[in-house]
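Have a look below at one chain only, the form predicted on its own, in C-alpha cells format.
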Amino acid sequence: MTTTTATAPGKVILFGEHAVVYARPAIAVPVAKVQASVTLTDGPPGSGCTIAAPDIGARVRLSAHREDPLALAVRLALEEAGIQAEPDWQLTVRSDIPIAGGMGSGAAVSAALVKSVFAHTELPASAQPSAEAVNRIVYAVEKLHHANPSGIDNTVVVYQQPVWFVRGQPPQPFNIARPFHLVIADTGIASSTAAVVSDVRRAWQDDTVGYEKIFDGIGQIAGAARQAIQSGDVNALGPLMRENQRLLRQLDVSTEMLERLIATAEEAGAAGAKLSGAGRGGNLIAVVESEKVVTVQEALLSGGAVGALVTRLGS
C-alpha cells in the first residue's frame, strides 16, 4: 500500500480585491502558516475512489459526485495525467485554513488534491503536469466555489510566491526588497465570496461610471504598493492600506466589526489595516513593525477577533 501526501498554503490579498475582477491589478501573497493537506492511500481492488474531508463532515465517491468540488479536482487531475479508469484510492483532506475567510481555503484544498494525484501516479519528472496545468485545474474548480473568480486565489496558492496579478495576463512573481510583518485577524464571520462579488457586480451595473472610478483608484494603490515593496519602502504600505480600505468601504463590502477591528489594530500600533478578500466578514490584515507585532496581535484578540496569526513576508 502506497501513501502520498501533498500540501498547499493559504493566501491573503494585500491590495486590489474586487477591482481585480474588473481587470485592475492586485497583489497577493501565500501564507504558509496555514495549510491544506491531502493524504492519498491505495485502497482494496474494486473499492473505487473516495474523497473524505472529516473537518467539514464531507465524504464523496468520485463515480457518484463527479461535479462536487472535491471530486471535480480529482477527476480533472486524472484526465490531465491520462488516467481513464477510476483508481482504487482513498483521499483524506485536512485544512487549518479558515473556510469562507478570504484565505483561499477552497483553492488550497483543490491544489493539494491535484498535486497528490499527480505525485501518486509516479509519472517521470519529464511527464509530470506543469504548474500551469495545476493552476488551470484549480481555477476550473474555483468556478464552482465562486460566481466570477478572478483567478488570483488559485494562482498564488499554486505558485506559492507573491504575485502581481491582472486578470487575463500571466501572473508576475516579484521580489520583496525589505521584509515586513502582517498580522492576519479572523473576524469569525463566514462570508460568501460568490454572494459579495455578485452584489458588487449589481452595484457596478447600476453605477458603472462611479464604480469604475473606485476600481481605478484601487488599481493605482496596488501599483504604488508594488513599487514600495520592490524598493523596500515598507513605510508606505500602511497609508496605502488605509486608502485601499476607504475605497473598499465605498463598495459596501466592509462591516461594523471589520471597521472596529481595523481601528483596534491601528490604535495598537499598526501602520495600516484593511479587510482582505471579499469582505463582509472573513479576515483583515495589518502591516506592523516587528516590535509592535505582539501588541497588535493581542489587541485584536482582546477586541473580538477569533484568531490572529503573524506572518513575515520576505527573507
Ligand code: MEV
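We number the residues from 1 along the sequence you see. Model, not experiment: these values are computed from the prediction.
FYI, the form predicted in complex with the named molecule isn't displayed, but the following is about it.
With a 4.5 Å cutoff on heavy atoms, Gly277 counts as touching the named molecule in the predicted complex. Contact between Val197 and the named molecule in the predicted complex is found at the 4.5 Å heavy atom cutoff.
Put simply, Val21 is close to the named molecule in the predicted complex: some heavy atom of it is within 4.5 Å.
Although the partner is absent from this view, Pro149 contacts the named molecule in the predicted complex, with a non-hydrogen atom inside 4.5 angstroms.
The listed set Ser116, Thr193, Thr187, Asn244 contains one residue whose heavy atoms approach the named molecule in the predicted complex to within 4.5 Å, identified as Thr193. Residue heavy atoms within 4.5 Å of the named molecule in the predicted complex occur in exactly one stretch of 39-47, 259-267, 277-285, 57-65, and that stretch is 277-285.
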